[in-house]
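Shown next as structure tokens: one chain only, the form predicted alone.
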Amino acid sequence: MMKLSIGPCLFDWGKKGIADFYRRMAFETEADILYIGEVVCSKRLHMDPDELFSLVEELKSTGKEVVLSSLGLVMSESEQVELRALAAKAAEMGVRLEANDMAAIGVGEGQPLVAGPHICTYNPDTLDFLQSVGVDRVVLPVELSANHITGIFRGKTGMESELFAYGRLPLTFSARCYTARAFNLPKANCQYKCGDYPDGMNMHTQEDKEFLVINGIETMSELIYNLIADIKRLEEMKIDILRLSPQSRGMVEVVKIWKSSLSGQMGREEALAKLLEINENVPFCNGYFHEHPGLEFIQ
């Protein structure tokens, strides 16, 4: 059966919120892998290194695999220094480092690495290169279709495949902070406004239709990406791991629903209905997976 991972939290829930969330994922769910670390903004983890690494050791005590995630956009020397320290600590603790920027691939070369969804793994040649520098698991970019993914991995061995399967899609990063700009604040004095939006800040079109979500420097989908209706296809593709991206509502129940669906104990329609209820009827999408526009939901 495919494993389930809990991806790095992409939102600003504060130090206590992040720690409490991952403890719940570790002690109250059957998730197999936990990714922890700041991907969006270096100002937002709120934990000093000792606090983070202590939490990692606590999570590891449950027997789950823990992976340290790194920034998706490294923009300054101070962030490079922090990245080097994170990679060194991951090696010391014997955990994988998830690289979300090619800078992390360079820093972590030779140690066990996960290429995150923000690394442009679009073809078998890239997969070969990543494997040559220590990557043994690849999280595919979110916009790839099932056919494209199958082509990338055809004939490949020794590399785990992980797919973003549930949550708001992380689409782009920018050097500017959208949330700060929405409040006419400079990025350097953002006042941590993104912390007021635990699932991101909804963005509307001129026709007042909800379109995207802004989350600091990140743009995300307003719809919830959801591949639970595609489990049979995912099994046929021999995907190793499905990633559930943290949301502020009902993640313990979300993991239960996915586990029950993977084991065949819960049918597709029941699973979709339960997940829709948890997300207060925010619609689903899975168009990219089916080579359709991303905001469509194909059943």
Partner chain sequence: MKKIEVLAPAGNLPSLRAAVDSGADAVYFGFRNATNARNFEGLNFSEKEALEGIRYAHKNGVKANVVLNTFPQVDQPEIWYKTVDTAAEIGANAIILANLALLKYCRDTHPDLPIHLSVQASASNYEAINFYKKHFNITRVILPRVLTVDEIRLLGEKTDVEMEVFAFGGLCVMAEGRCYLSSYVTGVSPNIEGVCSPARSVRFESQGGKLQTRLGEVLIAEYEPDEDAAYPTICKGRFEANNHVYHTMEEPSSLNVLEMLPEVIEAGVVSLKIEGRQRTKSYVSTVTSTFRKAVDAYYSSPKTFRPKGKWIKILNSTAEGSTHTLGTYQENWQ
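Residue numbers count along the first chain shown, from 1. These figures come from a predicted structure and were not determined experimentally.
Form predicted in complex with the partner chain: not shown, discussed below.
No member of the trio Asn226, Ala229 and Ile257 reaches the partner chain in the predicted bound form with any non-hydrogen atom inside 4.5 Å. Of the listed positions (Leu73, Ala146, Val95, Leu86), a single one reaches within 4.5 angstroms of the partner chain by any non-hydrogen atom in the predicted bound form, namely Leu73. For the chain shown alone, Pro117 is a contact residue for the partner chain in the predicted bound form, at least one non-hydrogen atom being within 4.5 angstroms. The closest non-hydrogen atom of Pro170 lies within 4.5 Å of the partner chain in the predicted bound form. Looking at Leu163, you'd find every heavy atom of it more than 4.5 angstroms from the partner chain in the predicted bound form. By the criterion of a heavy atom within 4.5 Å, Gly106 is counted among the residues contacting the partner chain in the predicted bound form.
Residues Asp101, Met102, Ala103, Ile105, Gly106, Val107, Glu109, Pro117, His118, Cys120, Tyr122, Asn123, Pro124, Asp125, Thr126, Phe129, Leu130, Val133 of 101-135 are found to place at least one heavy atom within 4.5 Å of the partner chain in the predicted bound form.
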